[in-house]
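Given next, in structure tokens, is a single chain: the form predicted alone.
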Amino acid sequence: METETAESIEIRGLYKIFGRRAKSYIDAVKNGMGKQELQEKHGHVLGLQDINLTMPAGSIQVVMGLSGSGKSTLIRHINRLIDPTVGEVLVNGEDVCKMNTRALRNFRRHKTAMVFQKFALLPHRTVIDNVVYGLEIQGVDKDKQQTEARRWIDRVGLSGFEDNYPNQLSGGMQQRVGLARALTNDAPILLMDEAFSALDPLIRMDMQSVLLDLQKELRKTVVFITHDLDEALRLGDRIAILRDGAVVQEGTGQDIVLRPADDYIENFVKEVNRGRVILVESVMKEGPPAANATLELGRDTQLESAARAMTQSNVNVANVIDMNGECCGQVTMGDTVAAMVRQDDESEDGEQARSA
């Protein structure tokens, strides 16, 4: 079975109001009516407001926020499990919101696959029977079903468990079955709603590694929902943070950590290990190779890794090279360590000094 080409997703002007007269309150929301006022005065719930996101084909887009922020509501618009009040969800330029019943059914079967927090395995089916379920619905030949299922069961590390039932597996193993089922469908879009949130921390890290390793090869368009910033920073090519149904900030993990949009985002990122997020390219000084530098680092090297490499090599400066192997600048140990210190800590120190 050939892998589908990844598809881009673009969300434009998306609003979702829950209630019997939802459309009648769109203008009020656009003119500034907030979530609390809408609910208290009119008995309607504001789920999403003016969502505009571009998710490039083959990337991992993380959507995060606290409980009630609208992240799960948003992902369910992509495969139209929820209909918007107004707005567009474009997949390779085609508006999912305008699809008729037949087109939507084909879109769900062939273009998207979903991995859930609660695994959503069928308890009366074995591992392999769960994994082939999507292909059964598509009407794929049984031999192909088995071939593809066994291939992906092996890829997620479950060879030998094909004939086990879900209640015979650990939580992490059950989620591997869910991931194998999604991958077996061969859909270009993978929707993952808090997929790893129910797992123990070590198993969760392991599943994140599995996903990243697979993504290097498959280049699916992945939309990943989480409330955990560390998970978002590890997985996301880009991250959108929601509050009360609106996007507060969207960008790379480095953008968000270095330039939080407001106090709400600042509270999210204040405990982040900056050395595992910020890249060498953000602190390097552009210029020709330093003659005394014996160490080379890629511009996408994390600062923590850069500091470790310089320490192990017993050097204080390293040349930074681009993907073509050309030198594009230098980074020093001092600049690397300084960048790993939170800027607000520095500001507080400076303020205390001025007060003294």
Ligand SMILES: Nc1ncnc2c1ncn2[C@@H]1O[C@H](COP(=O)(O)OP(=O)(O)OP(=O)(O)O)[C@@H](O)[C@H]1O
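We number the residues from 1 along the sequence you see. What you are looking at is a predicted structure, and each value in this text was computed from that prediction instead of being measured.
Below, we refer to the form predicted in complex with the named molecule, which is not included among the displayed structures.
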Consider the chain as shown here, without its partner, and state which of T85, Q249, Q117, Q174 has a heavy atom within 4.5 Å of the named molecule in the predicted complex. Q117
Of the residues A57, V45, V315, A28, which one places a heavy atom within 4.5 Å of the named molecule in the predicted complex? V45
Using a 4.5 Å heavy atom cut-off, indicate which stretch of 60 to 68, 305 to 313, 326 to 334, 292 to 300 touches the named molecule in the predicted complex. 60 to 68
Contact between E281 and the named molecule in the predicted complex at 4.5 Å, heavy atoms? no
Any of the heavy atoms of R219 lying within 4.5 Å of the named molecule in the predicted complex? no
Tell me, yes or no, whether E194 is in contact with the named molecule in the predicted complex, where a contact means a heavy atom of each within 4.5 Å. yes
Is S72 near the named molecule? Define near as a heavy atom within 4.5 Å, in the predicted complex. yes
Can you name the residues of 280 to 301 that have a heavy atom within 4.5 Å of the named molecule in the predicted complex? none
